[in-house]
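Only one chain is shown below, in structure tokens, and it's the form predicted on its own.
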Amino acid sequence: MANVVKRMNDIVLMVPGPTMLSERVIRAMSRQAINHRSEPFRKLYKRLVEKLRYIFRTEKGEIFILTSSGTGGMEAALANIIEPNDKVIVPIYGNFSQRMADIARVYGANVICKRYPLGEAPRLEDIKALLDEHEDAKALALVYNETSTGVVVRELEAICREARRRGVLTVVDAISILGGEKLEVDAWKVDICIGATQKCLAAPPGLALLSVSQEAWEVIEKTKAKSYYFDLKRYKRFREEKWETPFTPALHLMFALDEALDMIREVGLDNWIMRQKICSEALYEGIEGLGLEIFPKREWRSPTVIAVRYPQGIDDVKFRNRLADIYHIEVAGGFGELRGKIFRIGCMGIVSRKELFVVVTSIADNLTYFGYRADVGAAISRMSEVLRRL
């Protein structure tokens, strides 16, 4: 079983990021560095900005590439729009939406939180009520795809349009879904959208990606910078004056991203997204076929992060360690309140039919070892029906 899928170090990486890399992306990093104050770098930077416009679906937005984790992107987005005591609405439905609220507080915001049961997400009507109650809110910060619970905000487009109509900026964490589900930054009126390279784009971790609307940029220009490194005005000035970054960028990660974005363009973004969505549908069918329970209700299920409840009596750490040691498959555990209660499977990037069958059958065999009888036949049958669409 462990030898069915060959990847670097013989590991099938099915966590919700970082994801497995193609050989093309790996090779793109296997080259000499270049001077980041040179014409070759400027050409690379220009290419990446244009390719990211395609991914974000924006013609007018300002694009920023930051050498940082996705959390750095979240911090950059909030640090550049918040003044002390600005009111920022943050619905909380998992660890990453909580992180958004925590970052906003660090920069002096008056954070208005509404908590949702884990496994659920806000609806348009909820947001309308919050905006009615807090008419003086400056921004609404949302996580499109809450990686910690495996839920997605289904009405994001309508929510962002409503906020724009009211003159409230939207800050959207799309880190674990950019390139894995429909997201139209311009059409949906998303003001600041945050992505990262190591999820659905199938590039290595280490770069945060931002798209900033003209409406948001007007606010940024009037806001005193709270961070030296994440001062977006500085990044824009360097780009406009000489197509350079203000600080030394992670060159080899940019080489890798350049290649990864080429791979997406070659098949088309819609087709890239559709393959991942079909694969996630197949995973949901397979997991349920085994007799396991999906954590979120069907209406909230993420297309990129599959959160699964453990059967009673199965130890999380022992289950995942054995899955890695015996089958060479890595999945993620739960966060916070969900630690030990769920495991999470990432369905992102270059995931294919081959990985899906190996993962589900290995999970089934592992469950058997721990005393849970799983119906492998039902799982394979249900998955196969979905995967005919690939």
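Bear in mind that the values here come from a model prediction, so they are computed numbers and not experimental data. When you see a residue number, it is the position in the sequence shown, counting from 1.
Not pictured, yet referred to below: the form predicted together with another copy of the chain.
**Study point:** Partner-contacting position among H134, R164, R123, H252 - heavy atom within 4.5 Å of another copy of the chain in the model of the complex
**Key:** None of the others qualify; the residue that does is H252.
Practice item. Could you spot which one of P303, G289, P204, G94 gets a heavy atom to within 4.5 Å of another copy of the chain in the model of the complex? Key: None of the others qualify; the residue that does is P204.
Check your understanding: With the partner removed from view, which of 209-217, 176-184, 148-156, 71-79 is the stretch that lies within 4.5 Å of another copy of the chain in the model of the complex, judged by heavy atom distances?
Key -> Single hit among the candidates: 71-79.
Exercise for review: Mark G336 yes when one of its heavy atoms lies within 4.5 Å of a heavy atom of another copy of the chain in the model of the complex, and no otherwise.
Suggested key: No - in the model of the complex, heavy atoms of G336 and another copy of the chain never come within 4.5 Å of each other.
Check your understanding: With the partner left out of view, is Q276 within 4.5 angstroms of another copy of the chain in the model of the complex by any non-hydrogen atom?
Key -> Close contact is absent here: in the model of the complex, Q276 is far from another copy of the chain, nothing within 4.5 Å, heavy atoms only.
Exercise for review: Answer yes if any heavy atom of V267 is within 4.5 Å of a heavy atom of another copy of the chain in the model of the complex; otherwise answer no.
Suggested key: It does not: once another copy of the chain is placed as it appears in the model of the complex, V267 has no heavy atom within 4.5 Å of it.
Review point. Is T67 close enough to another copy of the chain in the model of the complex to count, meaning some heavy atom within 4.5 Å?
Key: Yes, contact at 4.5 Å.
Exercise for review: Quick one: name the residues from 291-310 with any non-hydrogen atom within 4.5 angstroms of another copy of the chain in the model of the complex.
Suggested key: Not one residue comes within 4.5 Å of the partner.
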